[in-house]
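First, one chain by itself: the form predicted alone, in structure tokens.
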Amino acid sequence: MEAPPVSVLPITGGTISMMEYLLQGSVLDQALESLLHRLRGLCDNMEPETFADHELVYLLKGQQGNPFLLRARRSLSHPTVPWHLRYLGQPEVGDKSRHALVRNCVDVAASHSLPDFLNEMGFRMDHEFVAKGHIFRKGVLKVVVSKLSRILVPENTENTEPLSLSYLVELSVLVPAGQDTMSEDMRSFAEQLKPLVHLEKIDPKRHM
């Protein structure tokens, strides 16, 4: 059986391979409004963008080494917009001079047949979740504050429960390779969010 056709388009201005600089932290539910108030004062958009997304994580297991992982995400609040397909490379965490985690990022828009296409290509869904929250922007910096929820019945995004009593906070920027000064800008911005949230350079391998 042939894989269903799927169309993909770059999301970031014709260049699909970029470097992502990332800092992460969390804030308890009861401190959310205080954090949002601080972000409204620091960021360009006083009223943040809101989102509700469904993300599916797919794995392709090879003969050896780590499985190949892709993330497919669709908007629940705008179901007609394209899906996003994302590949995140191995993080470069060894450089102590960098204040942020750095990893290669390939991000494309895809048609709604993406899940069927990935299944036909041999990928299998590992897990899925719903993310709802707010997006703030400060120049090229992006701050995402999101509540993550597990899906109790596969593919039923109405039947969920929160993963924790906190919100995930991510400060990130997508830029071409070699712009390490961005990590200093991110560190300076993160300092302004203390003590409400402590954003750190987190190695995902330590939490696996």
Partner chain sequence: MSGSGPAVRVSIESSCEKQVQEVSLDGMETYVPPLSMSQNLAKLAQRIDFGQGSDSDEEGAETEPRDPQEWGKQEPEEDEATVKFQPSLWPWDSVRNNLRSSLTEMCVLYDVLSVVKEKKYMALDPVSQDPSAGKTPQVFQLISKKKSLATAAQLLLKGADKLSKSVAENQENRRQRDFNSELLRLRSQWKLRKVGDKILGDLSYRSAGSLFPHAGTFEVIKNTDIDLDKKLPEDYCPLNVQIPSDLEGSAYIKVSIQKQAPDIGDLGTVSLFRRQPKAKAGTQPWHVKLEAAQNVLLCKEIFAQLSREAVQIKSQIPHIVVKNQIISQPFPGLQLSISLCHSTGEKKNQRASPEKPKPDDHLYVLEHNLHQLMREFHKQTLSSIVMPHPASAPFGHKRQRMAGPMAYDKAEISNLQQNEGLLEKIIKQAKHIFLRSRTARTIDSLASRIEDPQIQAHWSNINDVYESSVKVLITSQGYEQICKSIQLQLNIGVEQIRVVHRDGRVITLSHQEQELQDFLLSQMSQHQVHAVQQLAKVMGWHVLSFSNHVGLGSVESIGNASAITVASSNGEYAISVRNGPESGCKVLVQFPRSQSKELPKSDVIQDGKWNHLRGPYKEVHWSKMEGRNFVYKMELLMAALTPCP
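Everything numeric in this text was worked out from a predicted model, so none of it was measured. Numbering follows the first chain given and starts at 1.
The following text describes the form predicted in complex with its partner chain, which does not appear among the structures shown.
- Stretch-level contact analysis of 176 to 184, 40 to 48, 148 to 156, 22 to 30 against its partner chain in the predicted bound form, using heavy atoms and a 4.5 Å limit, identifies 40 to 48.
- Within 4.5 Å of some heavy atom of its partner chain in the predicted bound form lies at least one heavy atom of residue 75.
- Although the partner is absent from this view, residue 136 contacts its partner chain in the predicted bound form, with a non-hydrogen atom inside 4.5 angstroms.
- In the predicted bound form, its partner chain lies within 4.5 Å of some heavy atom of residue 111.
- Mapping the unseen interface onto this chain, residue 81 counts among the residues with a heavy atom inside 4.5 Å of its partner chain in the predicted bound form.
- Annotation: in the predicted bound form, residues 53, 86 and 142 each come within 4.5 Å of its partner chain through at least one heavy atom.
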